[in-house]
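In structure tokens, the next block holds one chain alone, the form predicted on its own.
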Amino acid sequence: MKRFTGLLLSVLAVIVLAVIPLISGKASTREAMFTILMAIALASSLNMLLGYTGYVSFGHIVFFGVGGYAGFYTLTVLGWNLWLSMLVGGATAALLAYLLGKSILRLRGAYFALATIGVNEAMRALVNNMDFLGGPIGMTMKFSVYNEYGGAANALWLVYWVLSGIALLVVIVSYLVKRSKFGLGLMAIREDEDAAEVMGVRAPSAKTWSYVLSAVFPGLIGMLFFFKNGNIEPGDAFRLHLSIELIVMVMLGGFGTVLGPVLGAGVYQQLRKLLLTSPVFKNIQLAVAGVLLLLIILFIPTGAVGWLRRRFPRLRRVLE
């Protein structure tokens, strides 16, 4: 039972957060929980690359944007329903990750990190110049589209529950990957890629499929997010600072663990809320995030979960 404790804690945390709006009955609470659950899902998906392989992606939000644009286009222009558009968003993000994985994953360390930034900025510039995607002003959805889902109010709740399900699924998939032979290979790459290849791990293939798996969920979430907003723009779809914040969340909670990204996302979102509502710190939120990342790397590089596991050995079988 102890080997499942980390998973159970993560699942329980997601479920508790998801049901809070039902208890409060307030739309503002639902929106706050939506933001936290989205952060948990995105951070956990990034962890399947950063945490398990050690490859730091500063442009992981590109899959959020690409999935959002692909799904939004099929929904608004082609007239497909939400579910098919979500699948298109996830599949497009996965395809892009596969193609990128075959090239930039040959790079290591800082070179890979810089390449991911370049990919995100290049994709934003590309979409910005595509007239059929609305160019710099993006695309807007007709309000009548919500009627198919019971009106705008019901559609917002529908999106919330679908996102909650995705967040739960990401956590479970993250656990299953970590416990699998595939996950062990990824963690061997993280520790020493050359040694892992000598031991029989097919590093290029394993890294590529890890990249693909970590991209699918942001693609799905991107479509949901922009369906909820009713419009999509290049600036909102490819927010580089959000990629940096996701790295902070993963590192804060504990990279390479299942519970870490859940904990890190929850704590960081609360900290972000305090910063944005503070007249002193609201304009330097990203600077605070950068300082926080530096402090984590210097003093608790394994994150909160890693520190607890090291400080209290009995928790090693409980927290993962």
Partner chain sequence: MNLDVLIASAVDGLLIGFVYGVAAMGLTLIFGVMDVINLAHGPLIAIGMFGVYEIFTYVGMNPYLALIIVAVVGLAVGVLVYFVAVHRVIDAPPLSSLLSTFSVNMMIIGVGTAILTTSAYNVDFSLPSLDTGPITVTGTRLAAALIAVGVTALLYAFLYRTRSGKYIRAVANNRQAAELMGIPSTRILALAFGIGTMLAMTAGGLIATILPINILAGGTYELKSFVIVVLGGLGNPLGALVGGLILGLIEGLVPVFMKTTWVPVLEFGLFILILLVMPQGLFGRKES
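Numbering follows the first chain given and starts at 1. From a predicted model like this one, the values you see are computed outputs, not experimental measurements.
What comes next is about the form predicted in complex with its partner chain, which does not appear here.
Contact check for E148: every heavy atom lies farther than 4.5 Å from its partner chain in the model of the complex. Put simply, L168 is far from its partner chain in the model of the complex: not one heavy atom of it is within 4.5 Å. For the chain shown alone, L293 is a contact residue for its partner chain in the model of the complex, at least one non-hydrogen atom being within 4.5 angstroms. Mapping the unseen interface onto this chain, V56 counts among the residues with a heavy atom inside 4.5 Å of its partner chain in the model of the complex. Heavy atoms within 4.5 Å of its partner chain in the model of the complex map, among the stretches 155 to 163, 246 to 254, 82 to 90, 209 to 217, onto 246 to 254 alone. Not one of L9, I221 and L224 comes within 4.5 Å of its partner chain in the model of the complex, counting any heavy atom. This chain lacks the partner; the member of L95, A113, L133, V173 within 4.5 angstroms of its partner chain in the model of the complex by a non-hydrogen atom is A113. Residues of 116 to 139 placing a heavy atom within 4.5 Å of its partner chain in the model of the complex, in sequence order: I117, G118, V119, E121, A122, A125, L126, N128, N129, M130.
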